[in-house]
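First, one chain by itself in structure tokens, the form predicted on its own.
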Amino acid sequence: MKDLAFYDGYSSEIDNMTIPFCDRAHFFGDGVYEVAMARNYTIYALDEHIERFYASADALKINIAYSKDELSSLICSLVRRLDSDEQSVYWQVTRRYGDEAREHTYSEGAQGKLWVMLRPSKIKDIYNPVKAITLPDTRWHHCNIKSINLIPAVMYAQKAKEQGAYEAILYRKGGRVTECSHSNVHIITSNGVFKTAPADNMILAGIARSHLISACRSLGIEVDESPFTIDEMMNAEEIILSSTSGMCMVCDSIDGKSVGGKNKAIADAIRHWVMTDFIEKTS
């Protein structure tokens, strides 16, 4: 099978699927999601993605009809049905709609609708540096919830694309750097410290972010989870972007200015650690 989708118990190729018109995703974006990468039919960091998925759903009081183990088993069984051993694995749950076609309020306790989508996909080439731009972070204050309301992210990513950049790095009032349109951002300071924004409500704490922190601790690199500013970032030894499919991307240009490139040894060591971990755990 070239690709595969699942919705509320029914599965088929993506082009064959239909979704009920009243699903609350259509009207309100009322749901949460996760995306992971699979290699050799093994999903990387699945348990971590599942934990974050349930945490996001709990934050919105969306009930999931499966236990964590049941959901993991279901997703893994779907992965094995695809004719590709390298896949992007996406899943989301939307709040079950009631009798009213479009009612903002909802009845508590109803189990949500589960969606899964699988497509052939490879992880990004993390060995070539990327460009980024900066933009004001005008999103809501619940960025820690992996909501399917992604219009701001779409707008930021499009602006980056139009300027020939890989990412848009976001900042709040006072110049505090938060995250990117679809990545976390980190810096290596002048004294060799890996600095990353705290896992508060201003960012979605990425699974890849946690793996970079694990890499640093394994390598003896000090970790500082505290806010940093645009000025700190622009003057940092290295700038690193991380996401599920781009686990450790070094950024060498921001807003058209050359940045980083001053501590290649640390950046390479972290990159090698996360790539080795990915290969070992999906072999």
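Each residue number is its position in the shown sequence, starting from 1. Since we're looking at a predicted model, the values are computed, not measured.
One more form of this protein exists, namely the form predicted in complex with a small molecule; it is left out here, but the text below deals with it.
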### Contact assignment for the small molecule in the model of the complex, among Q92, Q87, T134, N184, heavy atom within 4.5 Å
N184
#### Entry: Option touching the small molecule, based on a heavy atom within 4.5 Å in the model of the complex, out of I207, A197, L114, V130
I207
### Summary
Here the chain appears without its partner; judged in the model of the complex, the stretch of 239-247, 226-234, 212-220, 63-71 with heavy atoms within 4.5 Å of the small molecule is 239-247
### Message
On the criterion of a non-hydrogen atom at 4.5 angstroms or closer, are R139, K146 and C180 all touching the small molecule in the model of the complex?
### Response
yes
### Task
Determine whether any heavy atom of Y33 comes within 4.5 Å of a heavy atom of the small molecule in the model of the complex, and answer yes or no.
yes
